[in-house]
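Before any questions on binding or motion, here is one chain by itself as structure tokens, the form predicted on its own.
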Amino acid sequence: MKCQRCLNTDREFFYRGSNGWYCRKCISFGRAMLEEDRQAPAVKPVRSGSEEYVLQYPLTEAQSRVSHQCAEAIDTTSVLLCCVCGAGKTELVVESISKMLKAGKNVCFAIPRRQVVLELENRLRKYFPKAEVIGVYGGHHEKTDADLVICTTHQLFRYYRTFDLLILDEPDAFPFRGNAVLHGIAETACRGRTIYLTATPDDWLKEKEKRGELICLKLNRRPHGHDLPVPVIRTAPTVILLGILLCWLKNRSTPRMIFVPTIRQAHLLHAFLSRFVSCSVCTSKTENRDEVIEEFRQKKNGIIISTTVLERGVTIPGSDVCVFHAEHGVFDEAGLIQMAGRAGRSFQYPDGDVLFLESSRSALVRKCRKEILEANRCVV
């Protein structure tokens, strides 16, 4: 037995109901009946001229090289674009998207989080002004067919063998990482090649590279040419860390993002800092999250306290970053690298400032710092 939707083969997850066998592993997406012959959904032909694109800024020599290599490689193999945070991964796949649209092929850009879908949908509409670009996510899936589909990874279940090119952004991040169901659904949604975009590939992607199932293209330099900001580490009791944090926030002229490991700590820190400075808080439980993020984005020197919900995808130009209790078990190396990667992304403020505050010495924190230093040394 094998589920046609999530590719599950574990017999413990199959159940025979009144209408036949179905898979319980992906039951949250509706019943996938094994006896049914699944068909790819009918899609409209890609409109003429949809491949024409205009970037906001010209690619650097290194970006152009990687972009061309990726566009050539997708004819024969899938690609892992392993590029540092802020290297312009979206811009690196624009040429590949254009190539597929010109050939009348179906393209999808899948992202773990809804907030990033909204941001990327607007950006790609500007890049491809003649193409129909739509965002598909929870609560917004009345229309699912367009020249270029931008969706959350969960929405890929709607697209059985639909896409000739599937671009998976941050496949090492929650909820995609380690989720066999989402991995299977992504595989069955794509009938062609896949481009994986991440700065922190996990073991699953590394194994695919070893098996020759994809090629890896690297870019360790941001467009402005500056090194990645290297975190400054401070180790002290929590009460002293709070004093260090307040000093860091004093006389600020740039936006400041403070990451904390838990929702409870986010609200506790917000209650404390609010006595001294104006700040906002953003977690997975924040109901008006989009408004909070947009309000922070508009401020020149705002402060936002966030859990890992903002560690990827969301770009705040010119922002500096602090990770409070960076040694906490919730954080892993990839997450710390991603949070540090929120800083120094703009041409106006390319150096950035990253501060890791820990209450006990952490080998993981130092490994993260070492990886960033190594990326700065190995410019490809």
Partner chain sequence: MRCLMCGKPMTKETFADLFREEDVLCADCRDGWKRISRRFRFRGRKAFALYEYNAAFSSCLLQFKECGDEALKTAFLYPDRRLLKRMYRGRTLLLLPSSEEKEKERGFSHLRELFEGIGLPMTEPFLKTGEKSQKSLGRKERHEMARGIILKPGVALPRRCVLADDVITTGSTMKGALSVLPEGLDIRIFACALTPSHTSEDSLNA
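Given the structure is predicted, the values throughout are model-derived calculations rather than measurements. Residue numbers count along the first chain shown, from 1.
Although it is not shown, the form predicted together with its partner chain is what the next lines describe.
A.B. asks: His328 versus its partner chain, in the model of the complex: is there a non-hydrogen atom within 4.5 Å?
C.D. replies: Flag for His328 set to no.
A.B. asks: Can you check whether Val314 is within 4.5 Å of its partner chain in the model of the complex, heavy atom basis?
C.D. replies: No, Val314 is distant from the partner.
A.B. asks: Would you check, heavy atoms only and a 4.5 Å threshold, whether Ile27 touches its partner chain in the model of the complex?
C.D. replies: Residue-level check for Ile27: yes, a contact with its partner chain.
A.B. asks: Tell me, yes or no, whether Asn19 is in contact with its partner chain in the model of the complex, where a contact means a heavy atom of each within 4.5 Å.
C.D. replies: Yes, Asn19 is a contact residue.
A.B. asks: If you look in the model of the complex, which residues in 112-139 sit within 4.5 Å of its partner chain (heavy atoms)?
C.D. replies: The stretch 112-139, when checked against its partner chain in the model of the complex, contributes no residue at the 4.5 Å heavy-atom cut-off.
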